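Just the one chain here, laid out as structure tokens, in the form predicted on its own.
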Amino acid sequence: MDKSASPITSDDIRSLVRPDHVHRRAYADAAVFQLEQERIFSRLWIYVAHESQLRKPGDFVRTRLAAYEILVTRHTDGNIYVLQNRCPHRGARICMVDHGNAKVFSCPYHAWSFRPDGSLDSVPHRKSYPEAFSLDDPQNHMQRVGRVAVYRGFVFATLNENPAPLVLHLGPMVKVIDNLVDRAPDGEIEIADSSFTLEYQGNWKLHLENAADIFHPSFVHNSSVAPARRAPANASLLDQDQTREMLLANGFGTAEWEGIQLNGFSGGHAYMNNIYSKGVLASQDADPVVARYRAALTARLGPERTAQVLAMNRFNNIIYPNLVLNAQYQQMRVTVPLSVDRTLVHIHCFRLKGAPDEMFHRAVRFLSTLGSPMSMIFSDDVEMLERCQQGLTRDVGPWIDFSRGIGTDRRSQDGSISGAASEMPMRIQFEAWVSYLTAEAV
């Protein structure tokens, strides 16, 4: 009997994860993916939009929540709604663009039109429908999906009817969201129009694991590190050497592997110390742009609070299961699982309102260098993720090894786990994964 075709039980899930190894089925079994959709992406709070994308009535974002394609909308009542992107008449997809503004959503098939809260606004040739047909009947509305909560502008949704409060799910990761918003001299951030979306042929967990893996850069990104080492310093007037320093920073060796602290938390959240310590990305006081920015922030927060905000120096803050934030670079990546071996990644940067324009230009440069489809760094990563998926689909040597650093892991007072050159974040993610997939519905 084909084991992958059998129903997945809680015992099956537990058997896939050992303290230092994970079975390939966790990445390659469609039944496991389906369970993830039901028990992770349906039950947890999932990031779906930012309020800066939903300022006006009619503003919307198209994305996914678990197995559903959804529209996140702002209605005239000021509330945010999450709607299935599906007409209740004949089931047609209504909206095909990623974001925009619409006073009504009109189905292209028979022109039923819906308000941004999903209620039916009109139908053509109303007299041809039965007398009992009503525009106010909820079954004729776009279906509202799940519950919505907002934390400092970040919009999350869940299909869970009885979710824990959003702040409990975020746990210690509220600090990085707070830090990103607090860095804005005007106290507000907004998603920039500059963004990228790309798809890779691999499991969604591979992206989060790669974001927490400090061991791979010097090998995977050698093709970009080597030319950066040959390039003369301070030769670029375009970006003040930002790109060169970003590429050089991937040239990890023993000092970097053993000097970067990793932090993991229950629930699958994780982050590491910042890997960029030179050039314009290090926010040095001698930088005139940073000096003007610090002055603007100090005018709002005062010197002591400004120093506290700018002192947070983390990299790749993973808010499980679908968000990666880099506050000091105003960057965000959103992981969207499509199937067991297909994943979308949306990559955005934020504008800090009230900050010098040069700060935003550096954020866009960071976005392009690290996360664009033409990025030397991200294209390397995608190649590795796809190679891993190709190997994991084959039933040869079914166990993969996550043992590196297991002897150095330690519990700290705040409940985090840290280690040097460790695969601890992956072990933490899989502890959470098992917990979520074996939990019974509330």
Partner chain sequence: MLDWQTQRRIELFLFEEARLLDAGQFQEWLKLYEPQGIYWIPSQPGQTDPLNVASIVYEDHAILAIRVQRLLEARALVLTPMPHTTHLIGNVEAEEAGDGGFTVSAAFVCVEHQGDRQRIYSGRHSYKLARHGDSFRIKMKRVALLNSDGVHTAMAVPL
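Positions refer to the first chain, counted from 1. The structure presented is a predicted model; accordingly, all values stated were derived computationally and were not measured.
Below: the form predicted together with its partner chain, not depicted.
Q: Since the partner isn't included here, can you check whether its partner chain sits close to all of Phe196, Leu344 and Val364 in the model of the complex (heavy atom within 4.5 Å for each)?
A: Checking in the model of the complex: Phe196, Leu344 and Val364 are all within 4.5 Å of its partner chain.
Q: Counting only non-hydrogen atoms, choose the one of 28-36, 408-416, 383-391, 44-52 that falls within 4.5 Å of its partner chain in the model of the complex.
A: Looking at the partner contacts, the answer comes out as 383-391.
Q: Exactly one residue in Ala235, Ala311, Val167, Val97 has a non-hydrogen atom within 4.5 Å of its partner chain in the model of the complex; which is it?
A: Of the candidates Ala235, Ala311, Val167, Val97, Ala235 is the one lying within 4.5 Å of its partner chain in the model of the complex.
Q: Can you work out which of Thr254, Ser134, Thr76, Ser223 has a heavy atom no more than 4.5 Å from its partner chain in the model of the complex?
A: In short, Ser223.
Q: Given that the partner is absent here, does Ser375 sit within 4.5 Å of its partner chain in the model of the complex, heavy atoms only?
A: Looking in the model of the complex, residue contacts with its partner chain include Ser375, since a heavy atom lies within 4.5 Å.
Q: Verify the contact flag for Arg244: yes if a non-hydrogen atom of it lies within 4.5 Å of a non-hydrogen atom of its partner chain in the model of the complex, no if not.
A: Yes - in the model of the complex, heavy atoms of Arg244 and its partner chain come within 4.5 Å of each other.
Q: Check whether Arg230 has any heavy atom within 4.5 Å of a heavy atom of its partner chain in the model of the complex, and answer yes or no.
A: Yes, Arg230 sits close enough to its partner chain in the model of the complex that at least one of its heavy atoms falls within 4.5 Å.
Q: Answer yes if any heavy atom of Glu209 is within 4.5 Å of a heavy atom of its partner chain in the model of the complex; otherwise answer no.
A: Output for Glu209 is no: heavy atoms all beyond 4.5 Å of its partner chain.
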